[in-house]
Ligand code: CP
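Take a look at this single chain in structure tokens; it is the form predicted alone.
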Amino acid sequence: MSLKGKHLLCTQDWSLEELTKVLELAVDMKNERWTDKYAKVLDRKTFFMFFYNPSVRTRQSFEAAATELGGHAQFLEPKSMRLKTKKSAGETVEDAAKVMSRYACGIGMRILEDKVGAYGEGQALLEEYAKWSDVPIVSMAHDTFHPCQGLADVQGMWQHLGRENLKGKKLLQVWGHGALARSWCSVQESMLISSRFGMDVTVAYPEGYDLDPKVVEATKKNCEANGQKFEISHDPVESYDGAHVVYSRNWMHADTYHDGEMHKAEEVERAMKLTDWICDEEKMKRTENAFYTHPMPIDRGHEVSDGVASGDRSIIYDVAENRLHVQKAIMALTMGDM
């Protein structure tokens, strides 16, 4: 099974066998990190990192990943490039993708909520680059999906629950109030990939914070194919009952986009009123001694209490580290000679 040249915009686009191959390699890369086993996989190869939005872990982990594979990651910002936009003349996606394909072995793209005027525009941009690029396009998080985070989440659950023990375990994907007005990407990716690996999935959120109907339907079908349950709850307390993994995360209301732009202040005002929606110690007591996870950065005191985020059942730092290892595996398999 070769993954050379394959784009990664969403884990749902890849087979379970392909995802498992990435995760198995990521686990080995973690174990062999300080040996020479994978030190030349990207020898003299460059990976372009195309950042519409800033980051902490994403840039750090991709740069470290390229270095540990013997390659180089180059940071690019669209604002410093002459690219065509709705408001300005410049290079088209076709031209940019074809030229960059001559320079790099792969292109990563990160475009989130405040850099698009409507949900789905980030996905459309990545699809356009994938159409014209001769090298793999990898989502480093866009408004719809975050495949690298989804894979890191599963690697973390393999680590703490056991690889063979995910089937039938309950993942609670729960909304948290806060002032960040986050995109749907990490949450939707988690729903999709967790259901692919046989977990029961419960998504809990206040009325009106519905996610992409297509993603919800795909998650339902994934669960049905595995003989597992998918549920939607609007209860901020009882939804915790029986959970084995709790993943709290703020995400924006669908009405945050209107008139061709994101209205963050409106969403923050709305979300900050819903103070019942915080993951805290009392709610975690209703679970099956669940592990707590979050893709970070965490809005402590709003999405989750400090006691949970820094508690002994929190796996947030393990999952954050796993971003490095799954990204190494993705790059090695799609851009290297493995």
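A residue's number is simply how far along the shown sequence it sits, counting from 1. Here the structure is a predicted model, which is why all the values come from computation and not from measurement.
Note that the form predicted in complex with the ligand isn't included here; everything after this is about it.
K.L.:
For the ligand, considered in the model of the complex: do all three of S55, T58 and Q149 come within 4.5 Å of it, counting heavy atoms only?
P.N.:
Yes, each of S55, T58 and Q149 comes within 4.5 Å of the ligand in the model of the complex.
K.L.:
With a cut-off of 4.5 Å between heavy atoms, is G307 one of the residues that contacts the ligand in the model of the complex?
P.N.:
Result no; G307 lies far from the ligand in the model of the complex.
K.L.:
Within 4.5 Å, heavy atoms only: does R323 come near the ligand in the model of the complex?
P.N.:
It does: once the ligand is placed as it appears in the model of the complex, R323 has a heavy atom within 4.5 Å of it.
K.L.:
Just checking whether A39 would be counted as a contact of the ligand in the model of the complex - the rule being heavy atoms within 4.5 angstroms.
P.N.:
Judged by the heavy-atom cut-off of 4.5 Å, A39 is well away from the ligand in the model of the complex.
K.L.:
Is R110 part of the interface with the ligand in the model of the complex - any heavy atom within 4.5 Å?
P.N.:
Close contact exists here: in the model of the complex, R110 approaches the ligand to within 4.5 Å, heavy atoms only.
K.L.:
Answer with one of V27, M296, L274, A64: the residue that has a non-hydrogen atom within 4.5 Å of the ligand in the model of the complex.
P.N.:
Only one option qualifies, and that one is M296.
K.L.:
Partner absent here, but in the model of the complex, which of 296-304, 64-72, 41-49, 274-282 has residues with a heavy atom within 4.5 Å of the ligand?
P.N.:
Result of the contact check: 296-304.
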